[in-house]
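Quick heads-up: it's one chain on its own, the form predicted on its own, in structure tokens.
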């Protein structure tokens, strides 16, 4: 049984890591907190945003702070599934050689796998990544590679559409969270980013991070203990169930959107996996807030980031996705009464 003191010590280490990351990536406190929640819930994360807003820097900072074995790959249109498993080359003697690729090179010690610009990769690559994310294993070189500690961080930019491949619903549903990174709105933060030389050398900036007190290869056990230590009330269970149902049938809860036929808007709501992820995220948030019980604000804080990418619109409303999904999420949270 994990003691209260142990959970408190873990929380201190987690908050110290959060503070370090916020010193590297400024003006993104909400995104950093969500990433931290995903880390301690052991979920995969997809970042989305404009070019140059710090997505890659944020993921590199998190990987640096967590420690463990880290691998990275760049999404390109000619990337094939085999490129994740092995690569071929000619050695100094001109002989062809085959070496393990980024997914299997570190074996069971692989911790963070960073997929940069995932939407540039082909669907075949997405399919392979899905298996790794779901099963934390892969077959290669006539053996099964287990990766019990892997956490996939991926990013994509929303600007370029040519030579890109939209992630299918199954792929997006595998991601614990989909976090949007926007340009900071605070003028003081923007002034610092423009004129402070500290932020002009990303490698040096990330190198400033001190060694984390978090033993990465114990995080799976940490996550289990955190989930077991936070308990919801019966009323909160009912509230969470209503939030889930509303994502698939908002009309049943009296939700209406302007100039939208509600019976024709949705193709699918959040999956059972999605609601499970939301509860896991809410429990980690409660733990970070030094509580041993769930409150409605825990669910509300993680609802959008865990559920938005699991709600799919019919084609007639697809072009309004960026407008309708946030509005629907806000309407659900405002319409359903919290206990």
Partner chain sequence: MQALQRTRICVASAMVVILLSACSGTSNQALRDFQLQTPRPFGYVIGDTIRHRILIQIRSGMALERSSLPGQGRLNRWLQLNEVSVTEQDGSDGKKYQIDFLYQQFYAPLEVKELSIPGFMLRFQQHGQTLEQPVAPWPFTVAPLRELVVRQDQHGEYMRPDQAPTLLDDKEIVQRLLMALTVATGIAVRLAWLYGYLPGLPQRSVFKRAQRKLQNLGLQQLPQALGALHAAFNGLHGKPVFLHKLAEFYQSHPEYRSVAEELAWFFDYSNCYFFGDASTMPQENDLQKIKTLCLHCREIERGSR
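Numbering follows the first chain given and starts at 1. Note that the coordinates shown come from a computational prediction; the quantities given were computed from them, not determined experimentally.
Another form exists, predicted together with its partner chain; not displayed. Remarks below refer to it.
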Review point. In the predicted bound form, which of 261-269, 227-235, 114-122, 204-212 comes within 4.5 Å of its partner chain (heavy atoms)?
Key: 227-235
Review point. Of the residues 50, 300, 56, 29, which one places a heavy atom within 4.5 Å of its partner chain in the predicted bound form?
Key: 300
Point to revise | Exercise: residue 8 in contact with its partner chain in the predicted bound form, heavy atom 4.5 Å | key: no
Review point. According to a 4.5 angstroms non-hydrogen atom cut-off, is residue 296 in contact with its partner chain in the predicted bound form?
Key: yes
Exercise for review: Answer for residue 4 alone: is it within 4.5 Å of its partner chain in the predicted bound form, judged on heavy atom distances?
Suggested key: no
Point to revise | Residue contact check: residue 239 to its partner chain in the predicted bound form, 4.5 Å heavy atom | key: yes
Practice item. Determine the residues of 321-335 with a heavy atom within 4.5 Å of its partner chain in the predicted bound form and present them in sequence order; the list may be empty. Key: 333, 334, 335
